[in-house]
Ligand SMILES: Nc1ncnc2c1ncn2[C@@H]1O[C@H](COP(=O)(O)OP(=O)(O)O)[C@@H](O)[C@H]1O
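The chain that follows stands alone, in the form predicted alone, written as structure tokens.
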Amino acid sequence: MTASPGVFDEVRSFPDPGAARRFGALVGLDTTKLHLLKEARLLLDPCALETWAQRHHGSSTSILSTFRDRPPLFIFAGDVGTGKTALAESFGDPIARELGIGVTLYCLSLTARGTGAVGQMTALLAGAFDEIRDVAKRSLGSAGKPKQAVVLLIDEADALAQSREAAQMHH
């Protein structure tokens, strides 16, 4: 299943100078930014943990498999106006620059709600996830290290599930 053309509002590629400026301008999120970048680096370069373990412990440790097997999923939650969207829209830039890979951001459109037909929103969202998964699979390079990274932004996810009356949903 492939997502219909209107499922994504926008597709952006990183590195991007504008995104770098926006990421740098995010104030009050320094700890969050550092933590996010550290985890993203490790997820995108699985050999980095192995190298660290070899250097500091002389062997691999069993805990590494837990991190290595973790899905590369980040969910940003917080109050309105805390910078979640700005962070999600820009953190691909420092990752792309540091790891020397392309990062692509897919912004899910609110049209993924569909017209209210039973099961339509589910089918549209499933198509979007299928498309992202296919792009991500094609991005894998040697030794599991990706040649590029993919980010799916579902901004204002609560708007996808707006009241059934407004969307004229029956089930």
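Note that residue numbering follows the sequence shown and begins at 1. Source: prediction; values computed, not measured.
Note that the form predicted together with this ligand isn't included here; everything after this is about it.
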| query | finding |
| --- | --- |
| Contact of Leu73 with this ligand in the predicted bound form (heavy atom, 4.5 Å) | no |
| is_contact(Val11, this ligand) in the predicted bound form, heavy atom dist at most 4.5 Å | no |
| Any non-hydrogen atom of Leu110 within 4.5 angstroms of this ligand in the predicted bound form | no |
| Gly100, heavy atom within 4.5 angstroms of this ligand in the predicted bound form | no |
| Interface residue in the predicted bound form among Leu64, Leu26, Ala126, Ala48, criterion: non-hydrogen atom within 4.5 angstroms of this ligand | Leu26 |
| One stretch from 40-48, 27-35, 126-134, 56-64 that, in the predicted bound form, holds residues within 4.5 Å of this ligand by heavy atom | 27-35 |
| Sequence-ordered residues of 83-105 touching this ligand in the predicted bound form, heavy atom within 4.5 Å | Gly83, Lys84, Thr85, Ala86 |
